[in-house]
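The chain below stands alone and is given as C-alpha cells, in the form predicted alone.
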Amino acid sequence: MGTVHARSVDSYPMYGRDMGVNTDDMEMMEAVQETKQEVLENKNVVVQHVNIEGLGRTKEDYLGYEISDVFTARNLVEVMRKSHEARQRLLRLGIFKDVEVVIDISEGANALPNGLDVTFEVTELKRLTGSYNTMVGNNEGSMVLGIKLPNIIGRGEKLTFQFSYGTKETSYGMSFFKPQSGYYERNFTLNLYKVTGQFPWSSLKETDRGVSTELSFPLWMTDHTLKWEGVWRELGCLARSASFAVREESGHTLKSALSHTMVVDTRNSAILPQRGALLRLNQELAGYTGGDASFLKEDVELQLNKPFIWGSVLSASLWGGMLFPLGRQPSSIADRFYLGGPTSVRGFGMYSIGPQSEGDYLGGEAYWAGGLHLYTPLPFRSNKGGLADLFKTHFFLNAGNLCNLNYGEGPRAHLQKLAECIRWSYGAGIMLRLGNIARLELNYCFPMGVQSGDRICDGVQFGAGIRFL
C-alpha cells in the first residue's frame, strides 16, 4: 500500500544566522510562511498541476484519463481522496510496481495563493517478468509457469506466455491483452493455445488447438464478454476398455463458436461470500461461422447469500442449462453438460450422474441443480481472529438431474423429464478458505435418489475448487 503525502510548511528553515537567513528579511519570510500555512488550512483550493514522475516506456497521454479527476477537487480532503483513488486506478493498470502520491503547495510565477501541485511517483514493472504458482480447479490442481511482457507498447498492453501442468490437464498458450485508454474494464484479448485433458469418468482424452478473441466491457450494473473461438479438437479413448459410444466419438472435429456472457456480481467474496448475489448467463452458438459442431447452448447460474444468526451465513444456489443441436448432427460428448461430484451434487462421483454406457458417462443435453447451505463458525472458539476464521462448519442439501431431451416434444414434456429421477443428497462437514484462491471441503454425505448406473460416494468426500454449487 502506498501513502498520500502532504508536505508540511513546518519543515521550512527557521530564522537566524545558522540557517542562512538575514534578520532584514524576517518580515518577508513571515509573510511567505503565513501564506503557505493558510493554503493548507483554507477550505477552497485549486489543483494547478498534476505531475507523473518515473515514467520510462509508458506514454503519458495514456495515464491522463486515470488522473484527470484530481483537478476537480475543491478542498484538501477532496484532493487527498481523489489522489488516492487515482493511485488505485494507476495500480489497477498492471504496469506499475508501486505508486506514491505527494501533495505540495504550488510554486512559481503563476502559482495561486491556494494552489496545490499533486505528484505521482511511479515505479514501472520490468520489461520481462516471470511467475510460478499453483492453481486449484474443480477437484484438480496444476502448476503454472508464466512469462509476461507488461506494457510492451506503452499503453497498458500485455503479452503473456503460460505453461500449465495439472493432474488432469496440460496446456500452453500465448495471449495478448489490450485495454481501452481511460476505460480499463473495456479490453480486448487474443489467445492462442493448446490444451490436452483427460476425463476418466468418460474414458476420454481430448486435445484442443485453437484461437479465440474476447471483448469485455461493463454496461450499467453488468459485465459482458463477447467471444469467438475456433478450435481443432482431437478426441480419443483414454483406455482400451472405453465403451463403443466413446469410441464412436473419437476423431477430429472443427468447432467455430460465438458466445456471450453476462455477469452481475454483488458478492463480497467469490470464494466464500457472506452477502450479495451472483447472476451469470451464458449463450453459445456453434456452426454459424463454420465448423463441424452446430448447436445452441444456454447456461445460467444464480446464487444468493445472506448473513444469519450468530455469525452464520445462509446460501442458496441454482444452476441450469440446455443444449439444442442444430441440423441433423447429434451433439458431441465434448459439448454436453456433466453433473455430480464434490463441487456440484455432493455424495455422487465426479460427473457420474446421467446417461452412461458401459460405465462411461456421456453427459446430457439438459440439466438443473440446486443447493441450500448453512455456514457457521467453528464451535467452541475461544476468541475471534487467527487461523480458526478460515474454517467454517458446513451443512448442505443438494439436488439435481441430467438427461437428454426429445426436442420434438413440448416444454411440458421437457419439464417432466427433468423432474424425473431427481438425485439429491445431504450432509455436513468442514470448509477451509484458502484466501481468495480456492476453498477445500471435507463432507460426510448421504446420497439419495440414486439411479441405476450412478456412481456414489457414501460417506466422506473431499472437494477442492473455486466454483461450488
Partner chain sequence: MSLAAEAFVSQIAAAEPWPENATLYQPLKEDQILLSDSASSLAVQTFLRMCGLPVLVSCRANAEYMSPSGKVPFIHVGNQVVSELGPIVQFTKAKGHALSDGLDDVQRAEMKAYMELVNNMLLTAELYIQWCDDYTATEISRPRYSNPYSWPLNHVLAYQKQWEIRRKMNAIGWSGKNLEQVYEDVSQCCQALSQRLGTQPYFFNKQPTELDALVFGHLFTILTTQLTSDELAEKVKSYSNLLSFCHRIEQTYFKEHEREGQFGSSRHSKSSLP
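Here the structure is a predicted model, which is why all the values come from computation and not from measurement. Numbering follows the first chain given and starts at 1.
In what follows, reference is made to the form predicted together with its partner chain, a form of this protein that is not presented.
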inquiry  = Using a 4.5 Å heavy atom cut-off, which residue among Tyr183, Phe71, Phe244, Tyr288 comes into contact with its partner chain in the model of the complex?
reply    = Phe244
query = With its partner chain left out of view, which of Asp360, Glu365, Glu229, Glu249 would have a heavy atom within 4.5 Å of it in the model of the complex?
reply = Glu249
message = Is its partner chain in the model of the complex close enough to Arg240, Thr253 and Asp292 that every residue in that trio has a heavy atom within 4.5 angstroms of it?
response = yes
request  = Please determine, with the chain shown alone, which of 93 to 101, 253 to 261, 308 to 316, 368 to 376 has non-hydrogen atoms within 4.5 Å of its partner chain in the model of the complex.
outcome  = 253 to 261
